[in-house]
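Below, in structure tokens: the form predicted alone, a single chain.
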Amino acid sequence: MSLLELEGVHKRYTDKSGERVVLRDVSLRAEAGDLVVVWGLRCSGRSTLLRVAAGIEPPDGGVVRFDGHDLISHGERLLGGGIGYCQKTLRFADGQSALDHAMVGLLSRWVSPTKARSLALEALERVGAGHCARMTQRELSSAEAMRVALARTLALKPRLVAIDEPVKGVELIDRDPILSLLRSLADEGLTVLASTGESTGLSQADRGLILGDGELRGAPPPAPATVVPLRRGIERQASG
């Protein structure tokens, strides 16, 4: 039995322009320690897929199971427990400092302030954001804000984390470290389901999947970067 199972999942939305099928007979399995990344164009439904997988939205058809439990009937209990959905937005109402943000989910579950502070600090250290604990939202870089948001999710000790576009809006130089962090979390046994709109987001995944026209299919591994040799003149200058 896989930790996360989607079988024949359908999802559609209806608006003034009519009905739009977002997910069409989608099936997906993820084991403990898997890093699975779903690539798709804008409006391809990748965010919807993550919300359905996390139990935030119910499917219109098919089954979603977490650790053998049907999310339609158990989703509210599992979300925030075994399942963590990482929301990248840090809302001012959630607190003044990064530590406040990391504690908010714990406090909402009646964890004592002392215990919540300890778990939040542990989570911040785990994601490489321990130095951010006293920083305000305005003082955080885009990469630091992403790490704090992830710490807020990890503080709840989930077994599965769904994270939508973890490197979107992050400076180019900071994107690889964020992807490496997700890889390290998976290597520790956490199941990570992420989405991306860029092919580079697939680089460290165990499995890369493509979502298009409502259908989910496998993606080829990213091509290795081309190594361009230095010109002779530059080589001599560098050696001198």
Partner chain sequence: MRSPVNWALLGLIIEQPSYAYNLAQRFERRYGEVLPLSNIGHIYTALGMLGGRSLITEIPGTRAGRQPKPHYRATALGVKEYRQWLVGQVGEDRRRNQLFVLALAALSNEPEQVLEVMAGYEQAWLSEGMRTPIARVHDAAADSASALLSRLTEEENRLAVGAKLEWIEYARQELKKLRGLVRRA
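Small disclaimer: the values here were computed from a predicted structure and weren't measured. Residue numbers count along the first chain shown, from 1.
In what follows, reference is made to the form predicted in complex with its partner chain, a form of this protein that is not presented.
S.K.: Please tell me which of D176, D67, D60, E57 lies within 4.5 Å of its partner chain in the model of the complex, judged by heavy atoms.
M.R.: Of the candidates D176, D67, D60, E57, D176 is the one lying within 4.5 Å of its partner chain in the model of the complex.
S.K.: When you measure heavy atoms, are Q96, G128 and M135 every one within 4.5 angstroms of its partner chain in the model of the complex?
M.R.: None of them does, since no heavy atom lies within 4.5 Å of the partner.
S.K.: Taking 4.5 angstroms as the heavy atom distance cut-off, pick the stretch from 46 to 54, 25 to 33, 167 to 175, 185 to 193 that is near its partner chain in the model of the complex.
M.R.: Stretch with heavy atoms near the partner: 167 to 175.
S.K.: With a cut-off of 4.5 Å between heavy atoms, is R217 one of the residues that contacts its partner chain in the model of the complex?
M.R.: Although its partner chain is absent here, R217 would touch it in the model of the complex, with heavy atoms inside 4.5 Å.
S.K.: Where, within 201 to 217, is there a heavy atom within 4.5 Å of its partner chain in the model of the complex? Residue list please.
M.R.: Contacts from 201 to 217: L202, S203, Q204, A205, D206, R207, G208, L209, I210, G212, D213, E215, R217.
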